[in-house]
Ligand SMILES: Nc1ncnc2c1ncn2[C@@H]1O[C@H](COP(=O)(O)OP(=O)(O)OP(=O)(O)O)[C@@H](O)[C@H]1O
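In the form predicted on its own, a lone chain appears below as structure tokens.
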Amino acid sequence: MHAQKILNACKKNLIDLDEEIILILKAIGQNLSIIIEGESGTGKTELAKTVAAALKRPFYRVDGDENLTITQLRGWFDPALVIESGFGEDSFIPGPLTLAMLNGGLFFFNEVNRAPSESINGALSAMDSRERSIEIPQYKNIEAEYGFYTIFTLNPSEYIGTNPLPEAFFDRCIRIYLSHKTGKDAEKIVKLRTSCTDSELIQKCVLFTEKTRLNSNFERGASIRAAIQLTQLLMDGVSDDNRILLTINAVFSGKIKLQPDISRSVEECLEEIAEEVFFVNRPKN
């Protein structure tokens, strides 16, 4: 498919990411691995999935955690089948990395810095722009089919429970950074995801979400996912102040984190922002 057609297909689902899409397509064309870096809710996964769909390639996802092993990535031998037929194709259960290589698809490794370094090292030869292969002990050397490529994501703001990534890993990748969409771009995304036709409501939900990221009471604010959820829950025309506050608390209370020295409750801080966004004309107590 022509690059412009792929870009146009991606733009139906992504807002203001044209340059990032073009860079990813160029990297894929040169067999370069890609790191998409950004905080939660900046669209890392959506970008990868959309490109894979536009390219019409299979999507194989792995989520990094401390228990992820090389075997889980590459594949393993079924003991019962080994007894029956020995080590070989009939007894081997391919993992997502191997499947992506064999089927010419996207190997998507989410939150790669949460996985053990040994697991990441196990994927290095597959990531190499020339090698593009992995050796399965007691089986064979797996060489990537045309269309195989790798995308990794990491969240730079989360370090608890994460592992340092090998230098060789970064050496094989290009790095793309995504930031939170704001203003009109954020409103376009919310409209796209919710099909809401109330532009004033969308504007308020986006503004409220942005204020949680700017508010000095919060160590961590909410992402556009919260704006999408808030719009979905209010787009039926809810106008009662108490119901709006209940909805705000339901959406945001688990997504934000207060500064350690703040003595007020999350609900009090959220209501203060609601006064600025949703209840501007409400009489003050």
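Start at 1 with the first residue shown and count on from there. Since the structure is predicted, the reported quantities are computational estimates derived from the model, not experimental observations.
What comes next is about the form predicted together with the named molecule, which is not displayed.
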statement: Per contact check vs the named molecule in the predicted complex (non-hydrogen atom within 4.5 angstroms), the hit among 98-106, 184-192, 203-211, 133-141 is 184-192
- request: Assess the spot marked by 34, 166 and 175: is the named molecule within 4.5 Å of a heavy atom from every one of these residues in the predicted complex?
  value: no
- request: Select from the listed residues 45, 69, 217, 249 the one whose heavy atoms reach within 4.5 Å of the named molecule in the predicted complex.
  value: 45
query: Considering 266, 15, 23, 277, which brings a non-hydrogen atom within 4.5 Å of the named molecule in the predicted complex?
result: 15
- prompt: How about residue 255: is it within 4.5 Å of the named molecule in the predicted complex, going by heavy atoms?
  reply: no
task: Indicate whether the named molecule has at least one heavy atom within 4.5 Å of a heavy atom of residue 225 in the predicted complex.
output: yes
message: Can you tell me whether residue 221 touches the named molecule? I mean in the predicted complex, with a 4.5 angstroms heavy atom cut-off.
response: no
message: residue 64 versus the named molecule, in the predicted complex: is there a non-hydrogen atom within 4.5 Å?
response: no
